[in-house]
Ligand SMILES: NC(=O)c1ccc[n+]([C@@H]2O[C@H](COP(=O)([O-])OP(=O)(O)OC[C@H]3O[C@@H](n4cnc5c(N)ncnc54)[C@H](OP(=O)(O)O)[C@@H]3O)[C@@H](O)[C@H]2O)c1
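Shown next as structure tokens: one chain only, the form predicted on its own.
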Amino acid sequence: MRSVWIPRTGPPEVLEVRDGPDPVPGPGQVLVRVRASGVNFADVSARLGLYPDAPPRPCVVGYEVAGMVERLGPGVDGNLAVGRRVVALTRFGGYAEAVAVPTPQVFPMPERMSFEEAAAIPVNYLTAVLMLRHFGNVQAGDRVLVHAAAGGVGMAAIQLCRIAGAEVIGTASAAKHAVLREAGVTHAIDYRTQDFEQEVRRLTGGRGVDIALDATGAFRKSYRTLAPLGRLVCFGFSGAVTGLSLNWLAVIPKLVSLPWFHPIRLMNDNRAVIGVNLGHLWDRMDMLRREMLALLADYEAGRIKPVVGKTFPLVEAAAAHRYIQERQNVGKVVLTVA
């Protein structure tokens, strides 16, 4: 079995492909022969040494896979028979040709879903569900600011907003605006040439947005775009990554400049600041499983459709990381296994 390892911090080229034995599924686990693995910015951050939740190096990352059940561990029965096509939450270990996964984290795939589409659902869509439905309480008529709208989470959020009847204002480079409008974004803002705070004020007649989703780290400005009763949801800090390798001289000032939101100010402003980290909810697998099953039902009903922007062979994971860091992707980047 081949897998992709992070042996040390550094640029994408530090990733190593290694051969090793297949994992053995333990009690309540299944062995999934992987056909596709999702790539997330958290994986990039782990490679750079900026993701404290990552396993100690050397390690294999990867939060989500799709493939076929190849072997059952002791005590496994039900609908996860050998040969069943499945999608799974792995919480690391997904950059591999095979992975052993606890059965509560494994879900049968809809008949017409591709492996690449399946690997694009768990992290991106569950994150969007937590932000918009659990915390954001998105409603018809709401205005939602989505930063990095052309990314995997951004595209998922756009689709959930469309289901809810909410209007989306999305930030992305100008080259991606046509795709965003086709996806359902009402107003696209070029974050490289426009001040998104000023644009939001202009587009909303000075009122602001009801929800802002920010993984870039522009939290202070995003907070100022909120209307009364608005909710800022912070779920990442991609702005700290300024190059293909870690540069602490660039990172530290960004960390120091992060805002603090005082409770008195929040009360006076009638606004909320919320944090979301899917990786810290593994003890709520009951809830995640319920939401994942609902998402798969949404797919079968045609309400959502994962956007797979580009695929790379598993052994070219370094190129996939570079592609994401250079902000080239529209939708999800996926690693594939022949």
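Quick caveat: nothing in here was measured; it's all calculated off a predicted structure. Numbering starts at 1 and follows the sequence shown.
Quick note: we don't show the form predicted in complex with the named molecule, though the next part is all about it.
Colleague: For the three residues T186, G208 and N270, verify that every one has a non-hydrogen atom within 4.5 Å of the named molecule in the predicted complex; reply yes or no.
Modeller: No, the whole trio is out of contact, none within 4.5 Å by any heavy atom.
Colleague: Answer for G230 alone: is it within 4.5 Å of the named molecule in the predicted complex, judged on heavy atom distances?
Modeller: Taking the distances in the predicted complex, the answer for G230 is no, it never comes within 4.5 Å of the named molecule.
Colleague: Does the named molecule get within 4.5 angstroms of any non-hydrogen atom of S173 in the predicted complex?
Modeller: The answer is yes: S173 has a heavy atom within 4.5 Å of the named molecule.
Colleague: Although the partner isn't part of this model, could you tell me whether G94 comes within 4.5 Å of the named molecule in the predicted complex, counting any heavy atom of the residue?
Modeller: Contact with the named molecule, no.
Colleague: State yes or no: in the predicted complex, is some non-hydrogen atom of R327 no more than 4.5 angstroms from a non-hydrogen atom of the named molecule?
Modeller: Contact check for R327: yes, within 4.5 Å of the named molecule in the predicted complex.
Colleague: Just to be sure I understand the contacts: of V144, A118, V153, V200, which is the one whose heavy atoms reach within 4.5 angstroms of the named molecule in the predicted complex?
Modeller: Among V144, A118, V153, V200, a heavy atom within 4.5 Å of the named molecule in the predicted complex occurs only for V153.
Colleague: Tell me, which of L226, I169, A88, A148 has a heavy atom within 4.5 angstroms of the named molecule in the predicted complex?
Modeller: Only one listed residue qualifies here, and that residue is A148.
Colleague: Specify the contacting stretch among 296 to 304, 54 to 62, 283 to 291, 35 to 43, defined as having any heavy atom within 4.5 Å of the named molecule in the predicted complex.
Modeller: That would be 35 to 43.
Colleague: Can you tell me which bits of 198 to 237 touch the named molecule in the predicted complex, meaning any heavy atom within 4.5 Å?
Modeller: Result: A215, F235, G236, F237.
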